[in-house]
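Just one chain is shown here, as structure tokens, and it is the form predicted on its own.
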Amino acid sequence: MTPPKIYGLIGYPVKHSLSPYMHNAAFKALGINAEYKLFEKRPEELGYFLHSLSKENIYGLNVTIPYKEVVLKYLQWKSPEVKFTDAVNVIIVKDKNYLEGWNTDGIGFHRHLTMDLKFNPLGKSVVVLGAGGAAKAIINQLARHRAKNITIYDIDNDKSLNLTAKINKEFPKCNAIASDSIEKLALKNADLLINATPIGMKGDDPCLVDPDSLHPSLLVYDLIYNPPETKILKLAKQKGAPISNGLGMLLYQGVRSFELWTGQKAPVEVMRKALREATRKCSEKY
């Protein structure tokens, strides 16, 4: 019997991920002999792992924190989105010496934001917490679709400054601003707040912004989806603000990842159902 093709998620940590549920459900639905696994690798293990993909029968990977930028040096080809964002969340293994890098985070986020949440970024004011790989991808999409203002805060102010300079050069109709203080963020005038940091994954993580600055006209979007409701989402809900976790973004970036790997149209509703069932199981833990 032919062994299954292996796909998976590389990151540190990755045990919280729901990606195996949706991808394995999709493989089963389409009768594809493949399996999606989690690969939790320490930084010192990353290079050896990426050089051993073909030997391990691995045909594709998703990439998550903290490796979306680190893996760039291992790639032989990069998509236009990767070249702009300098961040990767999908690797396709063409052969043992040729790895392609793609970024489906931005597309996944935009599809969820506009199709499911019915939020059009055109002319809107947005605040983004974080300037890492995922933040770059979603900010690129927001600017591309004509958000009016995008304010970016990162604990590493140089990252915020570099990203805003790049956005302002590429998208002159969008005003990108780097904030050097989280206390200075003008949330009262914002339409959308996005948490693109890992702060919130742990139960004792703080809320990064002043809860009193949250308001009913502000959509609060947290890229974290496990736990399903982070502290910032709970506080926003108490203030009457609409909220969303990153499960929809996970779905749609996964749909595009699946199609890049297999060349087949992804069974979106099968994947959505698998994620919902997995979320219910996770919710019982919290």
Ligand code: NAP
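Throughout, we count residues from 1 along the sequence that is shown. The term rigid core refers to the maximal set of C-alpha atoms that superpose within 1.5 Å between the two forms. Owing to the predicted nature of the structure, the values given are computational and were not obtained by experimental measurement.
If you look for the form predicted together with this ligand, you will not find it shown, but the lines that follow are about it.
Asker: I need the one stretch from 236-244, 27-35, 249-257, 50-58 whose residues put non-hydrogen atoms within 4.5 angstroms of this ligand in the predicted complex.
Answerer: Only one stretch qualifies here: 249-257.
Asker: Contact with this ligand in the predicted complex for I224, defined as at least one heavy atom pair within 4.5 Å: yes or no?
Answerer: It does: once this ligand is placed as it appears in the predicted complex, I224 has a heavy atom within 4.5 Å of it.
Asker: May I ask you to check whether D154 falls inside a 4.5 Å heavy atom distance of this ligand in the predicted complex?
Answerer: Because a heavy atom of D154 falls inside 4.5 Å of this ligand in the predicted complex, the answer is yes.
Asker: Tell me, yes or no, whether A135 is in contact with this ligand in the predicted complex, where a contact means a heavy atom of each within 4.5 Å.
Answerer: Yes, contact at 4.5 Å.
Asker: With heavy atoms only and a cut-off of 4.5 Å, decide whether C207 touches this ligand in the predicted complex.
Answerer: Although this ligand is absent here, C207 would stay clear of it in the predicted complex, with no heavy atoms inside 4.5 Å.
Asker: Counting any non-hydrogen atom inside 4.5 Å, which residue from L187, I107, M201, L75 sits next to this ligand in the predicted complex?
Answerer: Selected residue: M201.
Asker: To verify the annotation, which of these, L113, A131, L192, C174, has a non-hydrogen atom within 4.5 Å of this ligand in the predicted complex?
Answerer: By the 4.5 Å heavy-atom cutoff, the listed residue in contact is A131.
Asker: After superposing the rigid core, is the C-alpha displacement of E229 2 Å or more between this form and the one not shown?
Answerer: Comparing forms between this form and the one not shown, the E229 CA shifts below 2 Å.
Asker: Taking the rigid core as reference, does the Cα of V255 move 2 Å or more between this form and the one not shown?
Answerer: Moves: no, less than 2 Å.
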